[in-house]
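Taking the form predicted on its own, here's one chain by itself in structure tokens.
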Amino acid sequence: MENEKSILNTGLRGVTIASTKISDVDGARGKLVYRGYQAKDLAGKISFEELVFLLLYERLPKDKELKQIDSDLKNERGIPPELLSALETRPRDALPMDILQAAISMLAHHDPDSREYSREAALRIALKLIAKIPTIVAAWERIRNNRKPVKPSPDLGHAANFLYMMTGEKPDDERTGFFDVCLVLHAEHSFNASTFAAREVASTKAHMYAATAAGVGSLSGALHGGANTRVMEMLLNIESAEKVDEYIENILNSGGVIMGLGHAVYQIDDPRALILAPMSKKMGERTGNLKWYELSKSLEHKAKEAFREKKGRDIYVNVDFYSASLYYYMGIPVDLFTPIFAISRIAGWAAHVIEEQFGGAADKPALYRPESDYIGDYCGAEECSFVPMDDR
């Protein structure tokens, strides 16, 4: 068309929309920073509970403070019996992320803090959500399999308690430690899609439950939190190392993507993947089945080589690539990979909601209201003239 307008679809890449003190992603150098600390320097050295304190209170806790936040989280793990009853009425084949998003919204009904707009109330809600989301995910996993939910254990830390509620068995220290590292590494990643969604809702002065539900909705998409699920589905589809070359060739010829390779920000290997890979190997050794780790390594190596040779460019591994096999080795159902992402990322979302609402000038968030480029061209003119029904 002569008057056809160009389509603008940047996905906001390269557009800076706000300042933050929470985290930074340096894609060129492969750095992920939480409040001044590189994530790789914290993984395995601090617990998820410590990271929660760092993200919410802007510094690492002292011993007494860590014990207090651990106690606060344990005290908030229970979910209302009405919510459990509601979960019992859901179709057993409902998508876990849809269940989680609905459950988070229902939590607001039971919390008077949702009616108070203050930093203190937001911090209280943050701890409640961090504590309760694992309980919801574990409860749904059992309910949909016609098993009774397991009550939270006051004797277990955050990571161990989730694994216990999901399986009914207390995990050993190594499995707990690996899962704790996963929670630390997935907790925050600057202005990704779900964090942006949460902050946009928070900018309206909506409560944290609403902002978190929006974050969960964004995370449910296959291009965001669903990536590690698709990585595992890809590995199960390839099945053996002998089929890797054929799979890569088909992807290159079809113009498709290899899940877990490539990232919107990182221009070298994701630093989190470098930590998760040896953990996947260790869990494979524990289970006596290195197949999924070795298949992942083979796919990574050959895909990088093929892209360099045939596409003339490098491609890099991201966090989803090895978290998939690691979770699978842990016995976590594939469709729970993304809800587990939310179990961790709620710490980052909460910090961003608080920063969005109470970190600006005079505690007044700027309501997000981007512009758009209207390209409608329906009547061959700038505007259409209304035509009555009888004349159409």
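Rigid core here is just the name for the largest C-alpha set that superposes within 1.5 Å across the two forms. This one's a predicted model, so the numbers in the text were calculated from it and none came from an experiment. Throughout, we count residues from 1 along the sequence that is shown.
What follows is about the form predicted in complex with a further copy of the same chain, which we do not show.
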item: Contact assignment for a further copy of the same chain in the model of the complex, among 290, 238, 206, 252, heavy atom within 4.5 Å; value: 206
item: Residue 220, heavy atom within 4.5 angstroms of a further copy of the same chain in the model of the complex; value: yes
item: 4.5 angstroms heavy atom contact with a further copy of the same chain in the model of the complex for residue 69; value: no
item: a further copy of the same chain contact in the model of the complex: residue 89, any heavy atom under 4.5 Å; value: yes
item: a further copy of the same chain contact in the model of the complex: residue 28, any heavy atom under 4.5 Å; value: no
item: Segment assignment from 127 to 135, 208 to 216, 316 to 324, 291 to 299: heavy atom within 4.5 Å of a further copy of the same chain in the model of the complex; value: 208 to 216
item: Triple contact flag 49, 156 and 277 to a further copy of the same chain in the model of the complex, non-hydrogen atom at 4.5 angstroms; value: no
item: Residues within stretch 35 to 56 having a non-hydrogen atom within 4.5 Å of a further copy of the same chain in the model of the complex; value: 35, 36, 37, 38, 41, 42, 45, 46, 50
item: Residue 381 C-alpha relocation of at least 2 Å between this form and the one not shown, rigid core basis; value: yes
